[in-house]
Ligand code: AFD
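Just one chain follows, in the form predicted on its own, and it is written as C-alpha cells.
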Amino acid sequence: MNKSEKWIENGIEMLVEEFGETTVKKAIEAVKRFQVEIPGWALGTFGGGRFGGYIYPGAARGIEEKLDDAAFIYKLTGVTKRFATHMLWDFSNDGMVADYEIARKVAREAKDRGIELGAVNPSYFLKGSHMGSFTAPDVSTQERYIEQTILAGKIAKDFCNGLVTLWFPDGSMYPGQIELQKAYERMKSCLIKSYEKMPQDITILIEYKVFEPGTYSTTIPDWGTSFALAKGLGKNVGVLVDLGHHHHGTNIEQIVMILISENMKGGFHFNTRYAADDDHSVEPNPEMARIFYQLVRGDVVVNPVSNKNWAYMIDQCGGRENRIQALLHSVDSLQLSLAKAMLVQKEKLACYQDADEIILANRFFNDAIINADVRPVVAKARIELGVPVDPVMAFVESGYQKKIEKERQS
C-alpha cells in the first residue's frame, strides 16, 4: 500500500468510526452516481475579454475544440458526460440565427467523443435587443426570440437531454425608465406563446437573477417570480437556481427546501461569487454543503429514479484562470459538498431537534457539514470509478494544456 492509498484508508476508517460504516458507504456511492453538466461557454473565448482583452492560453476556437476539451474533462472525472450548449454560440454560423442541422452535427460529434449534449440555452442578448428580448416593446424582436426558444425545444428533444434553460437579461437601470408591469406581462405572454409550440415532453427551467444588466429592475428577479411563471405554464416547467443570482446573505438552502416541498421541478447553475456576478469556480464552503443537505434530504440528487432528480449544471466563466482547471476544481468542490451532506445522520439530528437542543443540534449538524474531512470519501469514489484521485493535478501532469496551446495558436 503506497502513501496515498494508506491516507485514503486511514481517512475512511476515521469517518467510519465517527459516522458509521453504512453512512460512509452511502456517501461514496453518492459521489460515484452524481452527474453534473459542464458549460460549453466556459471553454471558449467568451467572458475573458471584458476587462483587458485577456483570453486564457489554449482557449477553444470553435465547437469542435470545446467538445475535445469536454471529453478530456469527462475522462478525468467520470461524472461530466453532458455538455451544456448556447444556441447562438454553438448552433449558429452567424451568431444571430440558430440552425437545426448544425445542432444535429454537434450532437453527432459529441457522441463520437464519448459525451452527450445536455441543456440547451437560448441566447436572449442579440444585437438590437437593448430594450429587451421577451419584454421588448418591438413585436418583431419578441417574435425573433420566440422562434429561437421554440427551436431550442426541438433541438433539446431531438439531439440533447430534453432540457431547455431560460435566462433573460431584460430589466431597467432607473425607476421610471419602463413600466414594470408591462414588462412582466410581455414576458409572461411571450413565454406562453413559446411554450405552446414547444415539445411537451421536455423540461423547461426558468432562471432568475437579482440584477444585471439592469441595475434597478430585472423582469425575473427572484425565485418567486420564476415559480409563478413556471406554475402558469405547465408541470414540465420549473425553477433554475443560480448561486450567484442572489442578494448577499440570502438563505439559498431554504429556497431549495421550499421548491422541493412544493414539488416544483428544479435545477442548479453552480458557481461561487464574492461580489456581484457568477463567474467564479465552485468552492466547497459550508453554504454549498448545506444546499446539498437539502437536496439529499429532498431526494432530488442521486435518486435511483432519474426523473426525480433535479438538473445539475456548472455555470462559470472566469476571465483569468485556466478554464479547464477551473471546471475540474468545481467538480471536485461539488463532490466534496455532496459527501459532507451524505454524512449527516438525519435520525440522530432529529432527536436533538425534537428535544429542542438548539446548540447540540447545530454542533451535530456541523460535525458533518463543516468539520468532516471527506477528501478520502471522494478519493475512494474516484478509484472505484477508475479516474484520477486528483483530477486537477492529473490535468496539469497530462500535458494536455501544452498540447492545446501549441495546436490553437492563432
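In case it trips you up, residue 1 is the first one in the sequence shown, and so on. Note that the structure is a prediction, hence the values are computed from the model and not measured.
Only in words, not in the display: the form predicted together with the ligand, which the text now covers.
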| item | value |
| --- | --- |
| Output flag, R33, R82 and Y312 jointly within 4.5 Å of the ligand in the predicted bound form, heavy atom basis | no |
| Candidate stretches 246 to 254, 94 to 102, 292 to 300, 274 to 282 - the one whose heavy atoms come within 4.5 Å of the ligand in the predicted bound form | 274 to 282 |
| Touches the ligand in the predicted bound form: Y74 (any heavy atom, 4.5 Å) | no |
| Close approach of H329 to the ligand in the predicted bound form, 4.5 Å, heavy atom | no |
| Interface membership of Y195, the ligand in the predicted bound form, 4.5 Å heavy atom rule | no |
| Touches the ligand in the predicted bound form: W167 (any heavy atom, 4.5 Å) | yes |
| The single option of E287, E116, E321, E207 touching the ligand in the predicted bound form, heavy atom within 4.5 Å | E207 |
| Among the candidates Y56, W41, Y352, F365, the residue which, in the predicted bound form, approaches the ligand to within 4.5 Å (heavy atoms) | W41 |
| Neighbours of the ligand in the predicted bound form among 235 to 272 [non-hydrogen atom within 4.5 angstroms] | D242, H245, H269 |
